[in-house]
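Next up: a single chain in structure tokens, the form predicted alone.
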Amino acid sequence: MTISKEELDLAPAVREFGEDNNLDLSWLDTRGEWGVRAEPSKRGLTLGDIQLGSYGEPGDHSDNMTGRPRGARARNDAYRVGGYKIRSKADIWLSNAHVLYEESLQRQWSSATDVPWNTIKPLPDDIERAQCQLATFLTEVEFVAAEVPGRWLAATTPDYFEPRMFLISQVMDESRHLDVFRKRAFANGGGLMQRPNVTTSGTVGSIDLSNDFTEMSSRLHITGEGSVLTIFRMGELMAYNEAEKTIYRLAAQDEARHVAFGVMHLRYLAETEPERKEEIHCYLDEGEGALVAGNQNPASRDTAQSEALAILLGGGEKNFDEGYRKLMAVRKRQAREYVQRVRSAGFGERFENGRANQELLAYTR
């Protein structure tokens, strides 16, 4: 876009008006990189389309503590509006946050109107109880998955707004997952069942303890949500009507974005700050231990969740053994998909050098 000299200069009448009325119009002369025009792409005007010039890629560190939009001219008298702890790019950045954010906008759905609730018919008591137990577990898991990312929003400098905006979309996604599974618990004459033992349900119990965003993301996106994503992808095997199939399918597309966010963030960190790789390996050590925690000590296993899954997969209590066999196949898939995610994130060496949890690796064979 070309800006004419006439457009750049303030009209004399405007200047005269300001002077006559004792108005300070000097801000009209203060511009950033003027003359930048964003052109819509085939998907409309996206965040990627406005990553232009000095407004595009942010610096490796931000001193912006005033809430100033990235690329706007700073004011010396501006006061601080946020105690931003995340001001280092590597602490939260990924190369495609804007793409994931745009996808989240385009694929929003309503649990009230996009799920064919009328297809739910009365089920045998054991199957309905298992569905309600699983729905109770997923309701709590998705509450945590919405709550924890939300705590990092106000801690992130506005200069890194793309990942921050994606996290806002994740809070919305997980809130919808919470309500859709709660609705399923009440939709067929059942109700909420036993509260899960969150200390043994993967890494749910430890996500809240994270002091660093990357620590949180490795626990939530890589280990926790990755395991839940596998369950959603296998939802067809434990769905008894079109409503349940729809719930799992829609929730899976959301969860896949959240997992992709974590993978791409770890990949960026590994490439830009390789000295932190040992730190990340420690988080992964912990996560892998949590994934297999109940195998050697059955007393620490969340049996209500596992038994509910076995009943649903087998088609009832009478087929529990067959259902448990299918559950072990789900566990194998969880392990294999976890390994694939970690390799994609740039930490695959742990599977060659013997560092990875060997019991977990046994599930991949």
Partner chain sequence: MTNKDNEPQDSARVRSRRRVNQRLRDAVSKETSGDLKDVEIPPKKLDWMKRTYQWGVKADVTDSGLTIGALNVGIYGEIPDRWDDQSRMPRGAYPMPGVPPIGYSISEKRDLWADNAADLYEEAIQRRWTPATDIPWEAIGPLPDDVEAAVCQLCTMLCQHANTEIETLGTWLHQMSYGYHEVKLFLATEMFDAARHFEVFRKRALSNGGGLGLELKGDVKRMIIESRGGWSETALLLYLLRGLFTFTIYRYGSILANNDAEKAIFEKSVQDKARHLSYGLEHLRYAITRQDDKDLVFNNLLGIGERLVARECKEPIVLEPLAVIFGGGVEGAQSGMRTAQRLMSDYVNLYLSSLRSIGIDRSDSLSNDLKSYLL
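C-alpha atoms forming the largest set that superposes within 1.5 Å between two forms make up the rigid core. Positions refer to the first chain, counted from 1. All figures in this text were calculated on a predicted structure; none of them were measured in a lab.
Beyond the structure shown, there is the form predicted together with its partner chain, which is absent from this document and is the topic of what follows.
When contacts are defined as a non-hydrogen atom within 4.5 Å, none of 89, 213 and 358 contacts its partner chain in the predicted bound form. This chain lacks the partner; the member of 93, 248, 117, 240 within 4.5 angstroms of its partner chain in the predicted bound form by a non-hydrogen atom is 117. Contact between residue 66 and its partner chain in the predicted bound form is found at the 4.5 Å heavy atom cutoff. Its partner chain in the predicted bound form comes within 4.5 Å of a heavy atom belonging to residue 304.
In the predicted bound form, its partner chain lies within 4.5 Å of some heavy atom of residue 147. Not displayed here, its partner chain is kept clear of residue 273 by more than 4.5 Å at the level of heavy atoms in the predicted bound form. Exactly one of the stretches 258-266, 274-282, 128-136, 219-227 approaches its partner chain in the predicted bound form with heavy atoms within 4.5 Å, and it is 128-136. Residues of 310-329 that come within 4.5 Å of its partner chain in the predicted bound form, judged by any heavy atom, are 311, 317, 320, 321, 322, 324, 325, 326, 328, 329 in sequence order. With the core superposed, residue 353 shows a C-alpha displacement below 2 Å between this form and the one not shown.
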